[in-house]
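Only one chain comes next, encoded as structure tokens, the form predicted alone.
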């Protein structure tokens, strides 16, 4: 093996790599916020909505979970543009991620909500809590606490799958890496740096969720339960 590594040719593009990192984090951040909101609302609809609403949400979840993200992104960005609905590529990509992660979050949060016992709701009623207080303190927070590890894993995976969106023109980290390798022809070095960057980003996102868990779930912090 006579291959000569030359990382300096790749590292010279660090401003471009940094731009890709920021785009990746921005996609992941907004998709996580809006995807969690969408998924939680759909989970509530599935557990306590009318029968017709439950059927609509079930169809949404099954359609999204059984079709590739890349097809959903192509439909939202290029498919809708052909009928006059146009938006910036990054907005379309974020929307695709929100719709996609919202379906997975729906099922995770539904499992958490259904784990809340009926006796807990009856106890809240006896204590005089109103519907909003019951929802926040008896339903939402305990449900989130029980499924928090699953949510964390799902949102780390969401950050990693943003790499797929380079194929629709989003210049996130993987898209930037493709540009660098076509200019330097140092494929091996580019993908070593890229893999290391995604590893660091995954650890960073997990650490952020760990800190968030410490704030949101003080009971687990006191018990020393893993988040």
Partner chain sequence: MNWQQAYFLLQGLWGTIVLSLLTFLFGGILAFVLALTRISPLVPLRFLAATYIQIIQGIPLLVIMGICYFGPAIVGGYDMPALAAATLAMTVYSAAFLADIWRSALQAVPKPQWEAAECLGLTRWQRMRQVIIPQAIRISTPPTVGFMVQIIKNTSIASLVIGYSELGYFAKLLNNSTFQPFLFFGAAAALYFIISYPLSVGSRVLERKLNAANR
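Numbering follows the first chain given and starts at 1. A quick note: this is a predicted structure, and the numbers were derived from the prediction, not measured.
The same protein has a further form, the form predicted in complex with the partner chain, not shown here; the description that follows concerns it.
ask   = Can you check whether residue 66 is within 4.5 Å of the partner chain in the model of the complex, heavy atom basis?
value = It does: once the partner chain is placed as it appears in the model of the complex, residue 66 has a heavy atom within 4.5 Å of it.
task = Examine residue 79 and determine whether its closest non-hydrogen atom to the partner chain in the model of the complex is within 4.5 angstroms.
result = Judged by the heavy-atom cut-off of 4.5 Å, residue 79 is in contact with the partner chain in the model of the complex.
task = Find out whether any non-hydrogen atom of residue 75 is located within 4.5 angstroms of the partner chain in the model of the complex, and reply yes or no.
result = Residue 75: yes, in contact with the partner chain in the model of the complex.
query = Does residue 71 reach the partner chain in the model of the complex if we count a contact as any heavy atom within 4.5 Å?
reply = Residue 71: contacts the partner chain in the model of the complex.
query = the partner chain isn't shown here, but in the model of the complex which of 180, 38, 44, 164 has a heavy atom within 4.5 Å of it?
reply = That would be 164.
message = Within 4.5 Å, heavy atoms only, which of 123, 157, 89, 129 is in contact with the partner chain in the model of the complex?
response = Contact with the partner chain in the model of the complex is made by 157 alone.
message = Suppose contact means any heavy atom within 4.5 Å; which members of 176-199 contact the partner chain in the model of the complex?
response = Counting only heavy atoms within 4.5 Å of the partner chain in the model of the complex, the contacting residues of 176-199 are 181, 187, 188, 191, 192, 194, 195, 198, 199.
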